[in-house]
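The chain below stands alone, shown as C-alpha cells; this is the form predicted alone.
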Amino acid sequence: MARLILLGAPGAGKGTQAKALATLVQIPHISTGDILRAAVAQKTPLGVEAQSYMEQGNLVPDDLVIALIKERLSQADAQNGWILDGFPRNESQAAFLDKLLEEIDQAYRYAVNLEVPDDVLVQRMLGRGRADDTEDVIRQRLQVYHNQTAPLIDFYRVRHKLVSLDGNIPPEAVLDKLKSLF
C-alpha cells in the first residue's frame, strides 16, 4: 500500500509532485482544496456545510475537513493507496488525521516534507503572475506556514514518519526521490 502525506510551504511543488507521482504509481492525489471544491459543486451535505464557512471567508473547521477526507478515503480508488496534499496544516489536524487513519485501517508510510528556501519560494510564486501574489503577501503566507508547520514537522519526526527532501532541485530529481519511497 502506497500512502504518503506531502508537506511543504506554498510554492514548494507539493501539487506538481503529487500529481506526477500519483499518475506514475496509479493512486489518487487527494488535495483538500479539490475535495472541498468538489463537495461544494456536487452540493453534498458536507459540501453545503463547508460552503457556508467559505462564503463568509472563514476556514472550514477541522472536523468538517476530516469528515470530507474520511468520505474521500473510503472511495474504491483510494483503497490501494493515496497521496495527501494540503492536509494536515497543523499539529491538531495531524492528530485528527492519525486517529482517522487508524479507525479506517489506512496507515501511511511517510510524511514527506519538501524543503525549499524562502527566497526561492518567493521567486517561484512571483513567477506565477497571480494578481494576489505580491512579495509582501507571499512572505506573510510563508510566515504563517512556518509558524503552523514547525510543530507539525516535529509531530512526524517523533513518530519516525518524517522524510525531508530537497525541493530546490529539478522537479524530475524530486520525483525520483519520491519514487524511491515506495
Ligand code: ADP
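These numbers come from a predicted model, not from an experiment. Numbering starts at 1 and follows the sequence shown. Here the rigid core means the biggest group of C-alpha atoms that line up within 1.5 Å when the two forms are laid on top of each other.
Not on display, but discussed next: the form predicted in complex with the ligand.
No residue in the set H29, G81 and R159 has a non-hydrogen atom no more than 4.5 Å from the ligand in the model of the complex. A heavy atom within 4.5 Å of the ligand in the model of the complex is found for one listed residue only; from T134, N147, Q42, N58, this is N58. Of the heavy atoms in R109, none are within 4.5 Å of the ligand in the model of the complex. The shortest heavy atom separation between L114 and the ligand in the model of the complex exceeds 4.5 Å. Put simply, R141 is close to the ligand in the model of the complex: some heavy atom of it is within 4.5 Å.
With a 4.5 Å cutoff on heavy atoms, L46 does not count as touching the ligand in the model of the complex; it lies far away. Residues P10, G11, K14, T32, G33 are the members of 1-33 with a non-hydrogen atom no more than 4.5 angstroms from the ligand in the model of the complex. For V60, a C-alpha deviation of 2 angstroms or more is recorded between this form and the one not shown after rigid-core alignment. After superposition on the rigid core, displacement of the C-alpha of I153 between this form and the one not shown stays below 2 Å. Relative to the displayed conformation, the Cα-Cα distance from A38 to E102 grows by 3 Å or more in the model of the complex. CA of L59 to CA of P10: closer by 3 Å or more in the model of the complex than in the shown form.
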